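For reference, the chain that follows is the form predicted on its own, supplied as structure tokens.
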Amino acid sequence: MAKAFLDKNGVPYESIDVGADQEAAQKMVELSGQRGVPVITVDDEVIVGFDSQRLNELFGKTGATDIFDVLIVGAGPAGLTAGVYCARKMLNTIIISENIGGLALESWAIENYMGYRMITGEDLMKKFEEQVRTLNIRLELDRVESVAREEEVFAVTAASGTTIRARALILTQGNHHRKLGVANEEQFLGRGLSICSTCDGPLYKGKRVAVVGGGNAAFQTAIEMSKIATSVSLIVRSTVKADPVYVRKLEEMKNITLHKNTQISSLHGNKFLSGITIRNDSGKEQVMDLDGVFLEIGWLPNSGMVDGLVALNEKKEIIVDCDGRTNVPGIFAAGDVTNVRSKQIIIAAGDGAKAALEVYEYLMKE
């Protein structure tokens, strides 16, 4: 994401893969105080993570644009697919997203997307992006902060200060990671506590780690981290919800310990995380010395920007009908941010296509 932004804005840079270079990884930690990537240095400034707002301040371009036919918020499977279908209908289309690929980028291995026996989330999203970039679609890397209606159009304001207007919207901004809810969580985020195992996993080679969660994502992360780390503790708060195929794979791994009906009650460490305390349902506690913890405990919808504009359910998901229509004419939604029950890449992509076709029908009638 960072490199795509810099390439788009013509900014020369040097890229260092700290996952492959342990010496460079140590220098990065000393420089930033973080065990997470990316770390970007601009002159004497250190930027941790893909901070689209700061990068736009340094290198981006601001200012108003013409009115588009359709503006798509988000560039995950739903948003990118919607963009392809909008472009094929010759709609003047813009996609605004803080990243390209969304949470799908974090999948170690996808084995249920038609056409691929197995593919990583990163590689699949690269395929999506390559197709989008062959079409007449404007793609902006920015964070949407607010959405409002202005008479016959919708106005979307981004973190860079840009306001873009469109006749119709497709909301596909996905979800963000749920937090543990324990003391000192923010202190250790990026310093031993990670929400992206595919991003930060290589930095924990030969170390002791824990994975928190009981679903497919948690089991998959534990399995992949067992190939990197010396030991993996899988902490499942209640019952196992992962598919049997992942349960069987996990049972084959000799360096994974499963802790069921258990949750983290506290985090320990000074500058970096050095251990955790876990507590089971009977109240028994155990202190564990660890180097890192990866969270896979679910997601929350990124719907705050449209709260009060479109109808949301009790989970703050955008309510849509079977064709992706919201309760506001001209606003459509697709993917994990909606109340569609199954959160799968293939379903998000299909719903993105449906929303785009409905947008076309809406604009033709208008």
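What we label the rigid core is the largest C-alpha set whose atoms superpose within 1.5 Å from one form to the other. Numbering starts at 1 and follows the sequence shown. This structure is a prediction, so every number in the text was calculated from the model and none was measured.
Quick note: we don't show the form predicted in complex with a further copy of the same chain, though the next part is all about it.
One residue of R138, R279, K127, R143 in contact with a further copy of the same chain, assessed in the predicted bound form (non-hydrogen atom, 4.5 angstroms): After the contact test, the surviving option is K127.
In the predicted bound form, which of the listed residues (G161, G215, P202, G275) lies with a heavy atom within 4.5 Å of a further copy of the same chain? Answer to the contact question: P202.
Per-stretch contact check against a further copy of the same chain in the predicted bound form, the hit in 260-268, 145-153, 181-189, 88-96 (non-hydrogen atom, 4.5 angstroms): Of the options given, it is 88-96.
My question is simply whether S233 lines the interface with a further copy of the same chain in the predicted bound form - judged by any non-hydrogen atom within 4.5 Å. Answer no; every heavy atom of S233 is more than 4.5 Å from a further copy of the same chain in the predicted bound form.
My question is simply whether N9 lines the interface with a further copy of the same chain in the predicted bound form - judged by any non-hydrogen atom within 4.5 Å. Although a further copy of the same chain is absent here, N9 would stay clear of it in the predicted bound form, with no heavy atoms inside 4.5 Å.
Answer yes if any heavy atom of E57 is within 4.5 Å of a heavy atom of a further copy of the same chain in the predicted bound form; otherwise answer no. E57 lies outside the contact set for a further copy of the same chain.
Could you confirm whether T198 comes within 4.5 Å of a further copy of the same chain in the predicted bound form, counting heavy atoms only? Although a further copy of the same chain is absent here, T198 would touch it in the predicted bound form, with heavy atoms inside 4.5 Å.
With the partner left out here, which residues of 231-248 have a non-hydrogen atom within 4.5 Å of a further copy of the same chain in the predicted bound form? Stretch hits, in order: D243, V245, Y246.
After superposing the rigid core, is the C-alpha displacement of S194 2 Å or more between the shown form and the other one? Yes.
Any CA movement of 2 Å or more for A229 between the shown form and the other one, core superposed? Shift of 2 Å or more: yes.
Could you tell me whether the Cα atom of V48 shifts by at least 2 Å between the shown form and the other one after core superposition? The answer is yes; the displacement is at least 2 Å.
Looking in the predicted bound form, are the Cα atoms of A109 and P202 closer together or farther apart than here, the change being 3 Å or more? Between the C-alphas of P202 and A109, the gap narrows in the predicted bound form (3 Å or more compared with this form).
Versus the form shown, are the CA atoms of V37 and V337 closer or farther apart in the predicted bound form, given a shift of 3 angstroms or more? Relative to the displayed form, V37 and V337 move farther apart in the predicted bound form - a change of at least 3 Å between their C-alphas.
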